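Consider the single chain below, provided in structure tokens and representing the form predicted on its own.
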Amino acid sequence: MKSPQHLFPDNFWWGSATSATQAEGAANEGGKGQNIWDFWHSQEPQKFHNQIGPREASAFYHNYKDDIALMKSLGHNSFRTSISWSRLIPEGTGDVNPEAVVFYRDMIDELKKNDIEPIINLFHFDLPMALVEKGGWESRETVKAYADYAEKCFELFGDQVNYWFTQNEPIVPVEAGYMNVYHWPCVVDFRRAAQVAYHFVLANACAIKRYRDLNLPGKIGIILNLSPTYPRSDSPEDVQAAHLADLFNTRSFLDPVTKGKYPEELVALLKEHDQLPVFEYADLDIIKANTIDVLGFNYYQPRRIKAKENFHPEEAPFTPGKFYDYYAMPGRKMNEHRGWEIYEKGVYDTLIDLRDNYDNIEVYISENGMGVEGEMTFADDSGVIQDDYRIEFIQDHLEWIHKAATEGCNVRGYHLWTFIDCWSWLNSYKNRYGLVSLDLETQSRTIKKSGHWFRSVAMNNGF
């Protein structure tokens, strides 16, 4: 066998990612409490594609042993999932659900038996409904409840888990729930959005402090979706617009969790427009003292920006869109199923930025993937989906990740979104992302062509 042309560093993580709500199912079983998605689907099922909610998802709760064996067969040496807060602590605070403790300990043990590193995330959009009713992430009570929940996880599972992540893509609930209508509570109010964003950053720091106070030997970080921001042109107006877009959409989270402080320019801008969140000065010391050890970097598409052209009335509610417009680059490569641009070099540019401007922090690609609608149309006579488009997508991104690694970027792994086609918020099962196809009626699993290809890459540590 030929040696891989693109050989990755030793001990590189090869695997995939999912979340509790999107994979576990058993939403009404095992003592689990209701979370925000269970509630919203019960109230407005028509908002979800084909009215499919998270009740069964991919049935990982019941099938985890077989699924983990399947991961192992496809070359996984690591796997990221999340703990469901509402499964572990059904009311968000108070009593721990013993059935959840048994499930998560058994699931993590099964991963370790198969030599798969468990990478555990604590929050992936699934706030317990009992806390939503008390104000959700707008309330400081939720920050305290989250820190207590995180500490309980560390105490219960800290002997099994070496890599923890506090949150996945915290900007998504901010944008989708408080600046758009894609997540509950579906309000458009930047001041409330800023408060939620601030509480996420504070909660991250509080969880890290609890972790370190326990003197556990592992590492802890956060997972951010880092879309590189490109100006339409080199004009000062376009460059400044892109700078502001990056400030709002990337550095508002990346800087406080890595550097321990917010960009001064962002703070001044929010203060000028009377949009600063409510905070306590003691919080800033907590944020400064509790930065991350490792960063998860989710990458799907770039952000392209041009100077403001669309009229924004002075009396209109404040939004970041006051300062820039989005720009569709002519001739761009697209995933038409998802409506997203495919720009593989973006992952490299961000890794270089982390190397040069963020102390070359330890980072791994925690999500990257391609959602495609109607994948069964690509199945062969035996029912195996011939997803060469996914193989091409992964390989093209890996080439740029490899280049970054050879240029000194501290990148230690690649996780595809996702292992088995999973439930995906309002999208439900419209677009499929998995290495393994899921039959919703029978819950049967079939490895796609990309799954076999991924196994070869992982086993050879390159391609």
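Residue indices: 1-based, along the sequence shown. Treat the numbers as computed from the prediction; the structure is a model and nothing was measured.
We do not show the form predicted together with 6-O-phosphono-beta-D-galactopyranose, though everything after this point is about it.
Only one segment in the set 98-106, 243-251, 168-176, 207-215 has residues whose heavy atoms sit within 4.5 Å of 6-O-phosphono-beta-D-galactopyranose in the model of the complex; it is 168-176. Taking the partner from elsewhere, residue 37 is found to have every heavy atom lying beyond 4.5 Å of 6-O-phosphono-beta-D-galactopyranose in the model of the complex. At a distance threshold of 4.5 angstroms between non-hydrogen atoms, residue 327 is out of contact with 6-O-phosphono-beta-D-galactopyranose in the model of the complex. Using a 4.5 angstroms threshold between heavy atoms, residue 433 counts as touching 6-O-phosphono-beta-D-galactopyranose in the model of the complex.
When 6-O-phosphono-beta-D-galactopyranose is considered in the model of the complex, residue 437 lies well away from it, no heavy atom lying within 4.5 Å. Note on the partner interface in the model of the complex: the residue among 262, 182, 230, 340 having a heavy atom within 4.5 angstroms of 6-O-phosphono-beta-D-galactopyranose is 340.
Of the candidates 297, 300, 154, 393, 300 is the one whose heavy atoms come within 4.5 Å of 6-O-phosphono-beta-D-galactopyranose in the model of the complex; the others do not. Contact annotation for 118-144: residues with any non-hydrogen atom within 4.5 angstroms of 6-O-phosphono-beta-D-galactopyranose in the model of the complex are 124, 125, listed in sequence order.
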